[in-house]
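Only one chain is given next, in structure tokens, and it is the form predicted alone.
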């Protein structure tokens, strides 16, 4: 028996868009003049365990939403197999519906003329949840997510954050084992975003659900996820525990804020110094030094840099170690900044 609640096994998906000329008056035919292909998934393989938050990180257009839609059965892969609790999504769609809850980014899941409670009753019936079980679960979810006081207010009168919370309740109304959240905090204020993140953590840690979070927000991924897969242009370029991913690229880098910029070449001969560069930041001149990971060599390098700065007549204002984050990891793995990656992958087809 597999250790994963969700598995994507060698998934490929290509979207094709065709553009046509206007109707030809003589032949009464339209001619295809351009065919675009977007490879939204290229041999994607990963799994999500029970009680785990798995992050799928990448720029807009990388293939994150396509992965969510394939797990939920909304999009069919061209090749490969998607499994939820050991069931093939293609062959067991009806059974999968009760096991998976989905919150898609940018979609209006709830019906705005209805109240949150009425929405949950409606969607619960659609998913074959009935009677006292449905009523009790609806009240419990609204209380859990913080919408108890708004249960009889029309959805149209709720804030965006409250609508997002309701979307999560709707996804949970059938008590699914798997929760798929596509960009769950996009466009929310800080307070609403914090509340959503807290509930995601609670759902996983206390209720044992398997959660997939897609995002292009590095801070959301770093804060929430146990493991992270980085997807870029349809390719899963890495998939590791968050801490291991950060450790893998955790170079020892120190920034020395100084009174004037020295020549970076002056520090290349210091034992333990691997590289030295200078920057002109908003706060003033900065010397950036990458040092050896060995503790003894690192200590020798830092002492050497300090003495060299003194010898050059540069007054040292402060020194800080630069912390590794997922944005710099993404840059090192893909070779391009997150924003640039998204722009280069833009097309007329929604493969986000």
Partner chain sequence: MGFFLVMKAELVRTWIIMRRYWFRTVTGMIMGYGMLMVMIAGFIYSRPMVGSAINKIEDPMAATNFVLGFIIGMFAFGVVGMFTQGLQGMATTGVLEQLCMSPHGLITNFMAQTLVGSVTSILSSSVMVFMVTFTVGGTMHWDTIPVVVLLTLTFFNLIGFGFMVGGLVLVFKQVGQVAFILRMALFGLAVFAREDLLKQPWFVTVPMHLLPVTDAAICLKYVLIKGQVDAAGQHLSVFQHPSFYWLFASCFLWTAIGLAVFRVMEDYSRSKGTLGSY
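Numbering follows the first chain given and starts at 1. Every value quoted in this text rests on a predicted model; they were computed, and no experiment measured them.
The following text describes the form predicted together with the partner chain, which does not appear among the structures shown.
Engineer: Flag residue 113 as yes or no: does it have a non-hydrogen atom within 4.5 angstroms of any non-hydrogen atom of the partner chain in the model of the complex?
Structural biologist: Yes, contact at 4.5 Å.
Engineer: Heavy atom to heavy atom, is residue 170 within 4.5 Å of the partner chain in the model of the complex?
Structural biologist: Looking in the model of the complex, residue contacts with the partner chain include residue 170, since a heavy atom lies within 4.5 Å.
Engineer: Using heavy atoms and a 4.5 Å limit, would one call residue 93 a contact residue for the partner chain in the model of the complex?
Structural biologist: Yes, residue 93 is a contact residue.
Engineer: Against the partner chain in the model of the complex, would residue 257 count as a contact residue? Criterion: heavy atoms within 4.5 Å.
Structural biologist: No - in the model of the complex, heavy atoms of residue 257 and the partner chain never come within 4.5 Å of each other.
Engineer: Heavy atoms within 4.5 Å of the partner chain in the model of the complex: which of the stretches 209-217, 223-231, 128-136, 272-280 has them?
Structural biologist: Every other range fails; the passing one is 128-136.
Engineer: Please state whether every one of the three residues 4, 7 and 150 places a non-hydrogen atom within 4.5 angstroms of the partner chain in the model of the complex.
Structural biologist: Negative, none of the three is within 4.5 Å.
Engineer: Which residue among 202, 118, 140, 175 has a heavy atom within 4.5 angstroms of the partner chain in the model of the complex?
Structural biologist: That would be 118.
Engineer: Check each of 195, 83, 246, 75 and return the one that places a heavy atom within 4.5 angstroms of the partner chain in the model of the complex.
Structural biologist: Only one listed residue qualifies here, and that residue is 75.
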